[in-house]
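Below you'll find only one chain, the form predicted alone, shown as structure tokens.
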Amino acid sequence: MNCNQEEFLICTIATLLESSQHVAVGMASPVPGSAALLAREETKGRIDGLRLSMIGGDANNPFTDGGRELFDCSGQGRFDTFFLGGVQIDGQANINLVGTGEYPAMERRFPGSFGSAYMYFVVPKVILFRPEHTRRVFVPEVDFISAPGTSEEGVYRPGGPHALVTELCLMIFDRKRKRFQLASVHPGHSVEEVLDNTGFEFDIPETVPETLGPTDHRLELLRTQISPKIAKTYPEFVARVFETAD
């Protein structure tokens, strides 16, 4: 069964959630949201089945006080996994959500950091998700640090980056070495392509596997069981991604 890029990324992220216990998903996150719903469906019935809290819309949203409740639960240690992205991301997993150019007179401004720095510090496993893999996004050094990927020794920080998922590859972040390592390259792409489109240095093992694609069973589950659920929050995303899938 063929899959499109979004379905492939959803299933790749869902695999990263197999050891998670309680996943939180923020606003404007249809791919991570779909992945979390898929992972929850696959653990249904298990004692250690995945719990999911999605903000945005009424469906799949247990919160009554929006972002403030999300932050409170994070600070209490109720979530072990969260997702973040950025206009720019560098090799130390710093993310920029403010804008590009020299601060404060930036060339382009974006919505801002919101609670990214807080969530980055308190949620143990943060998965960075940025579909576009270009040197415009993955830079040597971000123009503005909205949320730092690492902290100095002695700083209490239970949270931080775990992985990076893009349209080209999967990378895992080593917090001790403060560097990314290439974990796998998606089908149809190569290590050379990842190198050409990444502005920061990262570790490359001698053998780089190909990212495993979704099974037919997983795709069927995604299209029949998950798409109606995520459609309640992201109807346009579902119409574009799933209703046109082969």
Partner chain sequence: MAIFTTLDDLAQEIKDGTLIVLPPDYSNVPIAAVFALIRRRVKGLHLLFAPIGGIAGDLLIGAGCVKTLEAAAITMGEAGLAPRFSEAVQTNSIKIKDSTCPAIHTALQASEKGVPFMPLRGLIGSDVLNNRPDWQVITDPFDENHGPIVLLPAIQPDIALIHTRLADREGNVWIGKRRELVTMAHAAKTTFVTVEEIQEENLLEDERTATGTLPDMYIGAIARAKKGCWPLGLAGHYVPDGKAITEYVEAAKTQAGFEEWLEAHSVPQ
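Residue numbers count along the first chain shown, from 1. Fair warning: this is a prediction, and the values are worked out from it, not measured in the lab.
Not on display, but discussed next: the form predicted in complex with its partner chain.
In terms of contact with its partner chain in the model of the complex, the residue from 217, 68, 177, 44 that brings a heavy atom within 4.5 Å is 68. In the model of the complex, at least one heavy atom of residue 73 sits within 4.5 Å of its partner chain. Residue 106 belongs to the set of residues with a heavy atom inside 4.5 Å of its partner chain in the model of the complex.
Its partner chain is not drawn, but in the model of the complex it has a heavy atom within 4.5 Å of residue 145. The shortest heavy atom separation between residue 62 and its partner chain in the model of the complex is within 4.5 Å. Of the residues in 160 to 194, none comes within 4.5 Å of its partner chain in the model of the complex through any heavy atom.
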